[in-house]
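Given next, in C-alpha cells, is a single chain: the form predicted on its own.
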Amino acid sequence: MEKYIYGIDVGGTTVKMGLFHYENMKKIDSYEIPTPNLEDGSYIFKKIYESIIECNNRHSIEMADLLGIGIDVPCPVKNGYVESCANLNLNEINLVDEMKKYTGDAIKIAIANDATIAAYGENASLESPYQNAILITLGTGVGGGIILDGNIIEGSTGFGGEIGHIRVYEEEDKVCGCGSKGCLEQICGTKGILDYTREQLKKNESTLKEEDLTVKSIFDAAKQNDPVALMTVHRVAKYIGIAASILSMTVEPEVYIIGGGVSKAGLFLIDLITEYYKKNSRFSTGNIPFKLAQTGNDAGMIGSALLVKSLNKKNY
C-alpha cells in the first residue's frame, strides 16, 4: 500500500503545502493557503490539519496512509520548541505537541527553522548531496542553514545557522532588526542594498534612477558596469565572502549554497563572492566552492518532507 508524507513551508503571508510519495519523494500535489493572522498563533496548526484533510480527500488518501508531516517555521526552533516567534504570534510553545493535538501520535511530526530546512532541501536536491553544507539565503533578510554529517544544526536553543546576524563590520549608528549593529543582514538584506545604493546615487553618476530602484535593477546595472551598481554589488559580495571565511574556520563545509531572491543574479554574483572569499579565507578552506540554489520556492517543502522521512528511521 502506498505511503505518503507532507512537507510544509510556513511563511508570514502564505503556507506552502506539498504532498509527496514516501518511497521515491515524487511530488504529488503542491498549493498554498493564507497564513492565519491571529493573536493565537497556534491556530495555524488547525488550518494546516484541515488543509491536509482536504488534500487527502482530493487524492483518496487516508490519514492512516500518512507516515509523517514536516513543517518549517520562520523562527529559531529546538526539538520542536519555540521560545518566541513574532511573525506567527507564537511564544514558549512546543510546536510538535500542538500539531499532534490534531494528528495524534501515529503520524511522525518534525518541525524546524525555515532557513535550516531550506538548506536541508537544497543540499538533498543536488545531483550529489554533501554531508557538510551551508546555505546562505539572500532576500529581505539574510538567513542560513548548516548541515553537518548529514544532520541539521539547530544549536542549543535553536539559533544555530542565524548567519545574517554575524557581526562583520563596525557600525556606529544603524541598528539591525535583531538589536545589534554591523550585522551581515544590514549590508546584504534588501534594505541594506537599497539604502547603500541611494546614498551613492547622491554622490556619483549612474544610470540608476532612485524612483525605480530595486535589487534586480541594481544587479542588472552592475552587469552593464554601472559604477554605483558595481559599488553596491561588490560590497555585498565582499561581506558574504568575509562571513563565509569565518564560518569555514569553525565549520568547514564542503560547499556553500547561495539562495534567496538576490541569488537570481546568478553566476555573476557567485563569481564575485568567490573572489572575495578567497581573499579572506585561510589554508585549504579557500577551495570550498560556491553554488547557486536550484529548488527555488520548493526548498522548504522538500526539506521538511525529507526531514520527517529521516526521522521515521531514527528516534527524534
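Start at 1 and count along the sequence shown; that's the residue number. As the structure is a computational prediction, the values presented were derived from the model and not from experiment.
The same protein also exists as the form predicted in complex with a further copy of the same chain; that form is not shown, yet it is the one meant from here on.
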Problem - Complete contact of Tyr22, Pro34 and Asn94 with a further copy of the same chain in the predicted complex (any heavy atom, 4.5 Å) - result: no
Exercise for the section: Although a further copy of the same chain is absent from this view, report whether Ser156 comes within 4.5 Å of it in the predicted complex, heavy atoms only. Expected result: yes
Practice task
Indicate whether a further copy of the same chain has at least one heavy atom within 4.5 Å of a heavy atom of Gln224 in the predicted complex.
Solution key: no
Exercise for the section: Please run the contact check for Thr274 against a further copy of the same chain in the predicted complex: heavy atoms, 4.5 angstroms, yes or no? Expected result: no
Practice task
Check whether Val175 has any heavy atom within 4.5 Å of a heavy atom of a further copy of the same chain in the predicted complex, and answer yes or no.
Solution key: no
Exercise for the section: May I ask you to choose, among Val251, Leu66, Ile270, Cys55, the residue with a heavy atom within 4.5 Å of a further copy of the same chain in the predicted complex? Expected result: Val251
Problem - in the predicted complex, the residue from Ala265, Ile258, Ile48, Leu247 that sits within 4.5 Å of a further copy of the same chain by heavy atoms - result: Leu247
Completion exercise
TL;DR on 280-288, 24-32, 38-46, 66-74: the one with heavy atoms within 4.5 Å of a further copy of the same chain in the predicted complex is 280-288
Fill in the blank from the handout: Across 153-178, the residues having a non-hydrogen atom within 4.5 Å of a further copy of the same chain in the predicted complex turn out to be Ile153, Glu154, Gly155, Ser156, Thr157, Gly158, Phe159, Gly160, Gly161, Glu162, Ile163, His165, Ile166, Arg167, Val168, Tyr169, Glu170, Glu171, Cys178
